[in-house]
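Form predicted alone, single chain, as structure tokens, below.
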């Protein structure tokens, strides 16, 4: 049942995002920012953890899960360091994922040839 819940919740998130792409004039970058902010807001009001408990990776893997990670890091850093933690927490909580994405995309840029013509 865990796989089924992860599948339908993750699929619902993807379907809602696809509707946003198709029916609005929002650029993909703005939609991604909207997803991250939605994850942070859902975490702040306490709705994200029950969703993750129910859907597992179906809720935590999409970009709303990244917003949750940022929120958790900021909350812990604010509790430990005060106001300055607002600026530190997001960087420390997701540093590994962001670093891996940057390093692997740089390596991929050396391996694969661009498909665009000049």
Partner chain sequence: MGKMTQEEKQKKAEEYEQYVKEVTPTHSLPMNMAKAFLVGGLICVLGQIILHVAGNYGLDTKEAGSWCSLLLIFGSVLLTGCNIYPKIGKFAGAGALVPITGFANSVAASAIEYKKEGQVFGIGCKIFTIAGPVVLYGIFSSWLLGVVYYILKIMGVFV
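Positions refer to the first chain, counted from 1. The model shown is predicted, which means the values in this text are computed figures rather than measured ones.
Beyond the structure shown, there is the form predicted together with its partner chain, which is absent from this document and is the topic of what follows.
Under a 4.5 angstroms non-hydrogen atom cutoff, its partner chain in the predicted bound form lacks residue 46 among its neighbouring residues. The closest heavy atom approach of residue 36 to its partner chain in the predicted bound form falls within 4.5 Å. Residue contact check for residue 40: one or more of its heavy atoms lie within 4.5 Å of its partner chain in the predicted bound form. In the predicted bound form, no heavy atom of residue 51 sits within 4.5 Å of its partner chain.
Heavy atoms closer than or equal to 4.5 Å to its partner chain in the predicted bound form belong, across 1 to 37, to the residues 2, 3, 6, 7, 8, 10, 11, 12, 13, 14, 15, 17, 18, 19, 21, 22, 23, 28, 29, 31, 32, 33, 35, 36, 37, ordered by sequence position.
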